[in-house]
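The chain below stands alone and is given as structure tokens, in the form predicted alone.
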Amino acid sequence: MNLIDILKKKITQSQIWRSLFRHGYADTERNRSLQVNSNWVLHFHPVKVKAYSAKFRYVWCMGGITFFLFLVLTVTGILLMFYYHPVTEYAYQDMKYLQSDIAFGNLLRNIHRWGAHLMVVTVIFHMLRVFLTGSYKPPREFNWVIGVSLLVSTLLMSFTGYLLPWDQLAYWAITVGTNMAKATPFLGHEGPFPLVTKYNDVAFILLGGTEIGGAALLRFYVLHVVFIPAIMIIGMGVHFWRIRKDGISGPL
């Protein structure tokens, strides 16, 4: 037995390895299910998957790609936070400093920006695939609601990130968006059947006032980096759990 085989045996028979990857069961249907349930990696997946459901032309891998993009956005977003101040005096200058003076700063910002655009596209394609294949039907209707909530959260993440560069594009994009919020039925003071005033409607809550300024920038920053990501992480956890419990849907 050579050195590589000895090392492989020591690793695969160690307590750490066996606690993560448990093997040695008899090849029966019940024991295969037990392997999935007791394996640290495999237990995230359903015990049984229909052969057709695992084919690329059926699932498109849009859900997995969307999750991967979320991880990319999380890593690049954390790195961008090292060079950004959510105050009106420094926000735009921080962005220009990142683009021109920080090594690979412009690349980092563009990865984050294009990753956000791609995530919106992939989550829409994922929802489209689920709809066209009828995967929202019982017993998966609850997970469809969770998926719709994650779609809305993704759009809100993209929207709240718009204001952070504090340039003309950001300012007027948020102006248009919050003016639309003012026209929301019941929740906007300019919409039909208003139940609120200009000082407590949904636009006021988003902006922290009646105009776009420092309070709005800080609120959008907190929403973008803390509040909405936390909701998405919880939602994705529930989403993955329901996929495991319900299984991957088969073709109609």
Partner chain sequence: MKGNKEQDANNNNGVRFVWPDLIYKEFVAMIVVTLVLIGVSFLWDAPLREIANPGKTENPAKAPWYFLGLQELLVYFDPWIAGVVLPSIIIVGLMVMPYLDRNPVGGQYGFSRRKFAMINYLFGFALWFILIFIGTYLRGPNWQFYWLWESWEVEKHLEEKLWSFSPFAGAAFIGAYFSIGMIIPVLIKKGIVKYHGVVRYIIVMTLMLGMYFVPIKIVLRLFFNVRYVLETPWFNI
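Just so it is clear, the structure is predicted and the values come from calculations on it, not from any experiment. Numbering follows the first chain given and starts at 1.
Note that the form predicted in complex with the partner chain isn't included here; everything after this is about it.
K.L.:
Let me know the one among V196, I65, L223, A216 whose heavy atoms come within 4.5 Å of the partner chain in the predicted complex, would you?
P.N.:
When the partner chain is considered in the predicted complex, the option within 4.5 Å is I65.
K.L.:
Does P185 reach the partner chain in the predicted complex, with heavy atoms at most 4.5 Å apart?
P.N.:
Flag for P185 set to yes.
K.L.:
Consider P192 of the chain shown here, and say whether it contacts the partner chain in the predicted complex, taking contact as heavy atoms within 4.5 Å.
P.N.:
Flag for P192 set to yes.
K.L.:
Do W60 and the partner chain come within 4.5 Å of each other in the predicted complex, heavy atoms counted?
P.N.:
Yes - in the predicted complex, heavy atoms of W60 and the partner chain come within 4.5 Å of each other.
K.L.:
Given that the partner chain is not shown alongside this chain, does M95 nevertheless sit within 4.5 Å of it in the predicted complex, heavy atom to heavy atom?
P.N.:
Result yes; M95 sits at the interface with the partner chain in the predicted complex.
K.L.:
Is the partner chain close enough to E29, V148 and S158 in the predicted complex that each of the three has a heavy atom within 4.5 Å of it?
P.N.:
Every residue of the spot touches the partner chain in the predicted complex.
K.L.:
Listed by sequence position, which residues of 98-114 have a non-hydrogen atom within 4.5 angstroms of the partner chain in the predicted complex?
P.N.:
The stretch 98-114, when checked against the partner chain in the predicted complex, contributes Q99, N106, L107, R109, N110, I111, R113, W114 at the 4.5 Å heavy-atom cut-off.
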